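Just the one chain here, the form predicted alone, laid out as structure tokens.
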């Protein structure tokens, strides 16, 4: 009895109403089957039929009733299905609308309360929809910040050499801008450092603000780096004078014919001279690093032949190459000419060549390739040396870092060479990359624009 009650209770559910209606219609047709048959068939004529045709009459009556039941069932099924689909679609649309509204509210909350400054940027550089962090960064209200122009707020560094036009050109042409260091003035005129990222939201010309800008305030970090650089600069200047004096006296003692020493004393003086020269080189590197990081080392742009530069460096390093019995293979495009700073490019390539010589075993091969691409020049130095372990590759450009296998092969090294190389290359608008496999070799590639962006 309970199962029968459950059956009828299930029929009352909205999803089963179609079945209930169908069963009711089928029951009605079955009860009035004779009446329906008489409506479609001539019952008086049927009484005069021969006995053998009565069977056909009954079959026709049964078929008519069956067709009616099937037709009613089909109509009910289509109606119920459409209502079910419409109901589900309405429910899904309601859920989707609710989820979208919730997502918009969550995004709005995250956008407004993010600790990072976010704002929209139109084609003219005007700021729109600044969040609370942006207001704190610039030091103004929404009304004031929405009247600012990002290009006009760029700091003093780089002004007069195209910093504004360069940023505008990158944004208008869709070049990726990801965590680029820039100096930005606040409303009060204070200079702050920030990592600027610009992302394209829409490529529709009819939309005014098509870019979203993210700022990461690194003012405190830059001030800390500047303090360290100031200390290094001061220490380097203070160290350079006495070391230069020591070198002058050692040279005088070693190269004056009238002064003679015992063989072991001369050997000690030569060792002192080598160590002192290493200190002078280190101080020079520290000075250069400090100047680059402080922005006081300004490039002097001029046309530079990569062939001449490479040949000059190889001639300078030839004694070390012969000493280690290394083979140098050079493929340099004679038309590889860049407008850049000669000294900076020279230091960068020199560091790569000296590293390749230092960390390549006796009889190894060093390959130097320089080739032109559409708008850039690639300079690659490949060695068959010890390579760089995979777990240490992420630190290779860090200041004062030397890989474990490099320290085993050569105790001489400061860990500043690649850091300085990357800093110089970036200052010239280029990039540096590498591929390395431990115990196989390493390839470093410097990519420089044919004309430096600020040239």
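Being a predicted model, the structure only gives us computed values, none of them experimental. Residue numbers count along the first chain shown, from 1.
This protein has a second form, the form predicted together with a small molecule, left out of what is shown; the following refers to that one.
*Asks:* Check 349, 378 and 429: does every one of them have a heavy atom within 4.5 Å of the small molecule in the predicted bound form?
*Replies:* Negative, none of the three is within 4.5 Å.
*Asks:* Tell me the stretch among 297 to 305, 380 to 388, 238 to 246, 339 to 347 that has any heavy atom within 4.5 angstroms of the small molecule in the predicted bound form.
*Replies:* Among the listed stretches, the partner-contacting one is 380 to 388.
*Asks:* Does residue 355 reach the small molecule in the predicted bound form, with heavy atoms at most 4.5 Å apart?
*Replies:* Yes, residue 355 lies within 4.5 Å of the small molecule in the predicted bound form.
*Asks:* Determine whether any heavy atom of residue 359 comes within 4.5 Å of a heavy atom of the small molecule in the predicted bound form, and answer yes or no.
*Replies:* Because a heavy atom of residue 359 falls inside 4.5 Å of the small molecule in the predicted bound form, the answer is yes.
*Asks:* Residue-level contact is defined here as any heavy atom of the residue lying within 4.5 Å of the small molecule in the predicted bound form; does residue 425 satisfy this criterion?
*Replies:* Output for residue 425 is no: heavy atoms all beyond 4.5 Å of the small molecule.
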